[in-house]
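In the form predicted alone, a lone chain appears below as C-alpha cells.
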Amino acid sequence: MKNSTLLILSSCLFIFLILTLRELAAAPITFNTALPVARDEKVVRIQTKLMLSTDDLSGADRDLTVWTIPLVIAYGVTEKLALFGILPVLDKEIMITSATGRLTRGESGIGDFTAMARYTAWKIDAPGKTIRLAPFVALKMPTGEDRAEDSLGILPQPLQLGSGAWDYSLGMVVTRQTLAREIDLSISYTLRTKANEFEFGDEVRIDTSYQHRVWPCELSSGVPGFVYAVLESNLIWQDNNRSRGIVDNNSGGITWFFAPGIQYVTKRTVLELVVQVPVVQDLNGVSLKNDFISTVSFRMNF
C-alpha cells in the first residue's frame, strides 16, 4: 500500500500481540461472524485480499483490481456477548479503454469502519463437541473517503474508498464443532442507505464453512500444530444500485463463490489461505464479472 505509516503501526501491533497470545482454534476464513471469542479474550485477524475482475461485456475492456487489508479486532465481553471492529485499507484501480486510449483510475486509503455485536442465544456443550446459535447486528460507518477526484473529475462511487452512507446488517450464525471438524452457517441481510445521490443495492449473504483436521489424524502430545482442510461457500444476492433515484440496470445480481482453503493452527498463531472462485455469476446487464478473490490471513488470540 502507499501508506508507510500503516506498515509501521502494523509492525508495532504485531510485536505487541506476539507477547500476549493465547491458544487458538480453527474458524471460517471468508467471513468473520463465526470467529470464536471467549470471555475476556481478544482476537486479531489481519488479512490480505486480492480481487480481480476482467470479464467485461460492455466493450470498454475494464480491468478492476482491488487490494484489501481488513484489520479485525474482537473482544469477548461475556461468555455470550462478543464485539467486533473491522477497518479495511483499500487500493482500487480500474483500467478502461476509451476513445482517447487506455485510462487508469483509482484511489488508496482507509475504508469504512464496521462495528458488530454477536450474542450466543443458545448452545449445547458435550465432551469434545459443541453447538452454538448466535444472532448478530452490524453497523457500517462512513469513515472512508467518498468524494475522491482525479484528473477526470470525481471517481465513480464503486471506486470510492467509502460509500458515505450508514449501512445496517442483521443475521444469524450457527456453529457445530468437534475435535476433528467444524461446520459454520451464517445468514445475513444488509440494508444500504443513500449518500451523494447514490445508493448501493441491499444485500443478502449465505456463507458456509467446513473445516476438517487432516494432520495429525490422531491427537497426541508433542504435536506442534494442526492442519485443517477448508471448504467454504459464499452465496450473495445484491439489489440494483440507484443513482439520483434512477435504477442502474447494470448492477446487482447473484454470485456464488466456491472457496477451497487451508489452515495451519498452532497454540500461538493461525495461518490461512483461501481462493474464492465464482461458479455462478448471474449479474444484471453488463456488470463486470469477478475472476477470483484470494485471501491470505494471519490470526491471533490474546
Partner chain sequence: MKILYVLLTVILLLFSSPAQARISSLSVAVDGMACPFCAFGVEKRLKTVTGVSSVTVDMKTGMALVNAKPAHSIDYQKISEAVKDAGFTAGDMVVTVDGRIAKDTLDTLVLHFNGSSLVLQTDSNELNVHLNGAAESSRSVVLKGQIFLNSNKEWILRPEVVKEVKP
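Residue numbers count along the first chain shown, from 1. This is a predicted model, so every value here is computed, not measured.
The form predicted together with its partner chain is left out here; the points below concern that form.
Contact with its partner chain in the predicted bound form, judged as any non-hydrogen atom within 4.5 angstroms, is confined among 85-93, 99-107, 195-203, 127-135 to 127-135. Shown alone here, L64 lies farther than 4.5 Å from its partner chain in the predicted bound form, counting heavy atoms only. Though the partner is left out of this view, S221 does reach within 4.5 Å of its partner chain in the predicted bound form, counting heavy atoms only. At a distance threshold of 4.5 angstroms between non-hydrogen atoms, T143 is out of contact with its partner chain in the predicted bound form. A residue is said to contact a partner when one of its heavy atoms sits within 4.5 Å of a partner heavy atom; T269 meets this definition for its partner chain in the predicted bound form. The candidate site formed by Y119, Y168 and L191 is entirely out of contact with its partner chain in the predicted bound form, as no residue has a non-hydrogen atom within 4.5 angstroms of it. Contacts of stretch 69-100 with its partner chain in the predicted bound form, defined by any heavy atom lying within 4.5 Å, are made by E79 alone. Between T33 and V214, the Cα distance is smaller in the predicted bound form than in this structure, by no less than 3 angstroms. Here's the thing about K129 and T33: their CA atoms end up at least 3 Å closer in the predicted bound form than they are in this form.
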